[in-house]
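Single chain ahead, by itself, as structure tokens, in the form predicted on its own.
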């Protein structure tokens, strides 16, 4: 005789596994590729992905840091969460770099981690980590799924969280027995929808009032959350109002750099003329950026907490407004919603600042002209040649290092999402980001610029590029040291060089060992022919550029930096 409260089983409900529910959720939310390094803790998910190779591409990487960086790059490029799948313990800790970059760069991303079986948890089982504690300050949300029936719910929450408000990473821990357990199938789960605030009519009216009363207004745009349509609306707004526009650190592709209103990038190594223009402004419209350390020149460009300038700060997350700078008009809004409202604003005739945008653009054009540096390779001219011979939609990636200052200063970003670089300052990003970009856009040229130290943090991913026939061009700037750290070392401890030198391989031969095309350039005039051969190679290619250590930045040699250090120390 049955018990009165016993659950009733519906024999018509289809049965499945937790792993299949994970894959079904990825399909529901529009995921087209996942990046992973395989591990036994999520073999059940790999088995379910085996049945969906026509709808989800699994790109197997050689290191979990690269897999996470690739997922982050997809989030940057598309605005949709990139997905990485890694195993427990070492796999998760390796992947943490991509999560940190996604958090600081406000990039939607989801990291799925295979976890120990539930019955083994809290015993310090093999490779066990509590990811809720590990990623607590590094992600928007971290959770562990302990019931397979709730997988669709958790994945839906993850995609909504990663894309809503200020975008960012979500980490989900998946115990291996949850993935292998049988459970009821779940049907009819809708795809996630982005949730964003919009500026109110009163806020837009107030912004217009501040603009009409200004004498020297300036726009600083950038940050995450932009779309091609939003960028077009931003362009209409600044054209209608004749506003000069600076773009935040490593968001230089928010506006065509050839646009007559473009004033330059507001980041590390800022043009002094642009920095002064920002200081002299009476109204700053900050549309999207966090106003972090890089964009404010180490928090020295603007007064804290109240700026001398009237400040309008628009950001996707309410928690960012007033965090460092107290705005006169803080607005919580998504970038598409904001830009549409600004594009609809009819400008006042004859603004008081007429001609300011043209002046700012002329100063930018003068700033980006190459200056001579020591050695036989003039990096400014090399970047100019890249700019001249790449299509406008080419994607340029980089990690961190002094080599990137030539790219930021001399390249012209002309297409939305043609720049992929970490505002978090993470080395080793450019190589995997380029591979991810090429997997998304196989017909667009993709170039990764890396220093020798930066490249070697992800050099093994040449194997990934070759495995998936991704024709990325890698340009390695080799000066046999960690250039940025050496620069700071000479400034603070002149002539006491220690721990910053590097012994490197022959990078061109290294590339050829993977089956890629490889070349070495030691003179400026040799670069363009090497570039043309690499672009015609019909496979991944690498150009090594050898430079002297003395060529530290576009504006200073190591000896000049050393002399600054001596003066600081009173020597």
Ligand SMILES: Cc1ncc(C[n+]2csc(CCOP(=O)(O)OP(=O)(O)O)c2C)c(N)n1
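Residue numbers count along the first chain shown, from 1. Keep in mind it's a predicted model, so treat the numbers as computed, not measured.
Same protein, other form: the form predicted in complex with this ligand, not shown, and the subject of what follows.
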### Query
Looking in the predicted bound form, any heavy atom of residue 454 within 4.5 Å of this ligand?
yes
### Query
Is residue 196 close enough to touch this ligand in the predicted bound form, meaning at least one heavy atom pair within 4.5 Å?
no
### Task
Would you please decide whether residue 403 lies within 4.5 angstroms of this ligand in the predicted bound form, comparing each non-hydrogen atom pair?
yes
### Query
Is there a heavy atom of residue 417 lying 4.5 Å or less from a heavy atom of this ligand in the predicted bound form?
no
### Query
Of these, 307, 484, 296, 333, which has a heavy atom no more than 4.5 Å from this ligand in the predicted bound form?
484
#### Entry: Sole residue of 101, 252, 479, 173 within 4.5 Å of this ligand in the predicted bound form, by heavy atom
479
## Note on the structure
Only one of 387-395, 340-348, 423-431, 296-304 has residues with a heavy atom within 4.5 Å of this ligand in the predicted bound form, and that stretch is 423-431
